[in-house]
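Starting off, we have a lone chain in the form predicted on its own, written out as structure tokens.
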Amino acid sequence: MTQLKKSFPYLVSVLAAFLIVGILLWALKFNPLKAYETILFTSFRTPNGFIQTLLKWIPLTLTALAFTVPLSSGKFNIGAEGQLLVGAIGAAAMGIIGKDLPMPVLLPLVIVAGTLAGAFWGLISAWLLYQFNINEILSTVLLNFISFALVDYVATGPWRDPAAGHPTTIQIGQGGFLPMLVSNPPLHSGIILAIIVAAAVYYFTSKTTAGYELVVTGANPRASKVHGIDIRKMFLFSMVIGAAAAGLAGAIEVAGVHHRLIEGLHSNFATLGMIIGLMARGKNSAVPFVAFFIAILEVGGSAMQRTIMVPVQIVLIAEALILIFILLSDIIKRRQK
């Protein structure tokens, strides 16, 4: 009964958002029922639809954790986009430099290089916060723009692919490719890494002393400081861990999907990651499940655009409305207390 009561605002938020979107679709002279059927069931009709959903789920989960882990300490990491891209740069650089290395050596190097590159990009904002008390929202957003320029520089520099008509590097060594779990349709083993990371984050924040200190810092920084917790180190630690998750997402995109650095490979993963984190109300344990729901909407939205010509932006409107209604339900709850 308690769990049902907790889930009720989510259910009402989804239904209310879908109702408004249905009215919008009807006003645009589309069939709302046909659109909903396409959005909600494309992921389960065919093996390809389901695997495409899983492939979306991987970066969505990791970029959402890049937001929720710092949020656990009361900090806002708005830089998952840049951290993902820098992680992709690190993974691609390692994969190109070590292209002749065998898989047991090169693949771990590619994954670790991407993760550490993302962590370093987060460390810059964390250090500015720790040393100079510079707001992490400002620094992470500004670092995103620098990451765009870095991707453009690397993808059009000495490693560029002259045969590509888009800023793209040459392919990494085959030893840096993530092994396939399923070959047709293809599903790479990056999903295992994402599951491990999500489970590790949940265990750390829920079952360990350091994780407890992190959460307590976010709940009440002043009281935490009084009780001997170094809240500035907690801020720094959470930002770096979150950025590492985003860097891993970039490494997985390179090693598992594109096998090279491509300008624009980040898609809208980071923006959706923040939406997922807010929908999950900052709870790391809820992130994988909310991310799967958003992945279903994303895959269904693309199918809806292809099959019945409904603009894919409709799905973005639905996601935004769901988030707004969830946040409104929190406000209503607080006022009723």
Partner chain sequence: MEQDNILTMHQVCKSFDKVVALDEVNFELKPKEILGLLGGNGAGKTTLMNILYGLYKADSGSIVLKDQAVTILSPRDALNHGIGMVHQHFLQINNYTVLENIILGSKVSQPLTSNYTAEAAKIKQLCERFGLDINLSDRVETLPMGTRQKVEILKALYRGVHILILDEPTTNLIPQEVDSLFETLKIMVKEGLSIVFITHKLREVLSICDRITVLREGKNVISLTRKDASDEMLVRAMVGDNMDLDKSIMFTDRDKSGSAITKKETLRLEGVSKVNQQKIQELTDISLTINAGEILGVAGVAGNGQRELAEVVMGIQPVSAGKLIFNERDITSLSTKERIAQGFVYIPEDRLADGFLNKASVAHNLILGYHNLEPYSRKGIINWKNVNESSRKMITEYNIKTTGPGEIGGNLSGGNIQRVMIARAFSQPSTLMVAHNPTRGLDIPSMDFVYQKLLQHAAIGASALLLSEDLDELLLICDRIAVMYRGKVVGILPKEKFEKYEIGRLMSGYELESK
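Here the structure is a predicted model, which is why all the values come from computation and not from measurement. Numbering follows the first chain given and starts at 1.
Form predicted together with the partner chain: not shown, discussed below.
In plain terms, the part of the chain that comes close to the partner chain in the model of the complex, with a heavy atom within 4.5 Å, is 220-228 out of 122-130, 220-228, 259-267, 188-196. This chain appears without its partner; in the model of the complex, the one residue of Leu181, Leu109, Ile170, Val216 with a heavy atom within 4.5 Å of the partner chain is Val216.
This chain lacks the partner; the member of Phe148, Phe76, Trp159, Tyr212 within 4.5 angstroms of the partner chain in the model of the complex by a non-hydrogen atom is Tyr212. Residue contact with the partner chain in the model of the complex: Tyr153 places no heavy atom within 4.5 Å of it. In the model of the complex, the partner chain stays beyond 4.5 Å of every heavy atom belonging to His166. Though the partner is left out of this view, Asn135 does not reach within 4.5 Å of the partner chain in the model of the complex, counting heavy atoms only. In the model of the complex, Tyr203, Ser206, Lys207, Thr208, Thr209, Tyr212 are the residues of 188-212 with at least one heavy atom within 4.5 Å of the partner chain, listed from first to last.
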